[in-house]
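Quick heads-up: it's one chain on its own, the form predicted on its own, in structure tokens.
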Amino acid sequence: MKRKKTHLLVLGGGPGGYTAAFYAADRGLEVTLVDDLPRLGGVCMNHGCIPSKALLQTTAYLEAMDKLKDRGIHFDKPRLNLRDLNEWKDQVVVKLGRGLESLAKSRSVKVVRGRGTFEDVNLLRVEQEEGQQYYEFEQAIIATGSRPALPGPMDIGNPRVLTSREALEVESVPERMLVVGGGYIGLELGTVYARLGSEVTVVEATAGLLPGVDRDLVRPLGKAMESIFNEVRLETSVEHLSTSGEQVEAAFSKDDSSDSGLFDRVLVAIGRQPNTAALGLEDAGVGTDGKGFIKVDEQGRTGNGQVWAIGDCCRNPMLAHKAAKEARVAVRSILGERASAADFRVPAIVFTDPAVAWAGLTEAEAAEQDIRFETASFSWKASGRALSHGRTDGLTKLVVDPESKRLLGVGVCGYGAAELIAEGTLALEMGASVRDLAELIHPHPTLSETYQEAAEQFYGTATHQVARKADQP
């Protein structure tokens, strides 16, 4: 058995994997990157966040055209060409993929196509069309990502039942669509199909959309979703799906009642699970927990001192930017430098309309952890910039330590929240106080001013909102 040797082997070519490979190469390591997809970028770029955001942004123009009627701008009814839409979305992915291939080549990262399986603590077998290759490594980083969860009662072998991957290929616009799950994937893709013309019903088992997200931030979104979706059913479970002619029948239950409905397509969006099965982890001396996540320490090191794991395959939250940060931590650890993933403030974004974004502790998390806190918020109804956008359905919220006045968490719901959250994340990472936000000069008129106003609201001196009575600065 002929073995090829490499200093660092990276298994998985998504945002975590290629970031690790590129960074390690920049730091002088010899790197081999193994991936079983035809393009680098992983699920995120090929079948997830990039194509979904492309569709969300494009279909947002349809909604914007309709809203401009109130401003005296009228359009004829737009014509939809799904072939052109899919081709444009695919071009975005292809362009990014070519860029990654070029970056790998320029860094002398060896990219190997095939499915990798560990055969020993320092040996990976790669299945390729031309046969098997074996790679002996000094260090390895596992970055195999995750896949959509599809529980048994919904896995009925009907192509009309979709996961997020199939839903991104918009082959047709179903008249009636069911979205199972009111989390970020269900709401984002449900929004795409609703804008294209589907009557979308969203079913969520818990008492509210986006379970775990701050309720103050979700409230404006909930109102918007009620208008864009045909129906939002909370505290409702889908017991099972079944084929009914050319449709899918869904059986619902809520409390002691039950009913059913017929749909042309069903999107199952109830979460994701780590891609750790059939990797030969036991042979590599790498352990997993009861949910299939690889066990790692703060540096990403597994039970095998030569192997690290990063991204979706080892812990939540399942976010590309978190995986990329963990990639750098792992490489620094391999190089013998001090690094830790323990204290990250990881921003999270739901690209709905309005968008929801947050970083640090939410109010609920602080309460659960018995951490003392105070909050301050600013409604966008008093923002001149939000009014000019016609988007006053927003809120900026701060969670603050009452003793030190340091920020514990930030949250934004509204138009452009995905871009605004970066300032709050930086403030958290820098250990900023609410006074720092209040004193920072924000340009006018911008949505970023809502951070300043929320901070001033904490002290009772908000300019454009009747402030609470609080300690004056």
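Bear in mind that the values here come from a model prediction, so they are computed numbers and not experimental data. Start at 1 with the first residue shown and count on from there.
We do not show the form predicted together with a small molecule, though everything after this point is about it.
Exactly one listed residue, out of 180, 329, 161, 192, brings a non-hydrogen atom to within 4.5 Å of the small molecule in the model of the complex: 180. Though the small molecule is absent from this view, in the model of the complex it lies within 4.5 Å of a heavy atom of just one residue from 229, 184, 373, 293, which is 184. Stretch-level contact check against the small molecule in the model of the complex with heavy atoms at 4.5 Å: of 134 to 142, 330 to 338, 94 to 102, 237 to 245, the positive one is 237 to 245. Of the heavy atoms in residue 206, some are within 4.5 Å of the small molecule in the model of the complex.
Although the partner is absent here, residue 272 lies within 4.5 Å of the small molecule in the model of the complex, judged by heavy atoms. Although the partner is absent here, residue 351 sits close enough that one of its heavy atoms falls within 4.5 Å of the small molecule in the model of the complex.
None of the heavy atoms of residue 393 is located within 4.5 Å of the small molecule in the model of the complex. The three residues 11, 283 and 305 each lack any heavy atom within 4.5 Å of the small molecule in the model of the complex.
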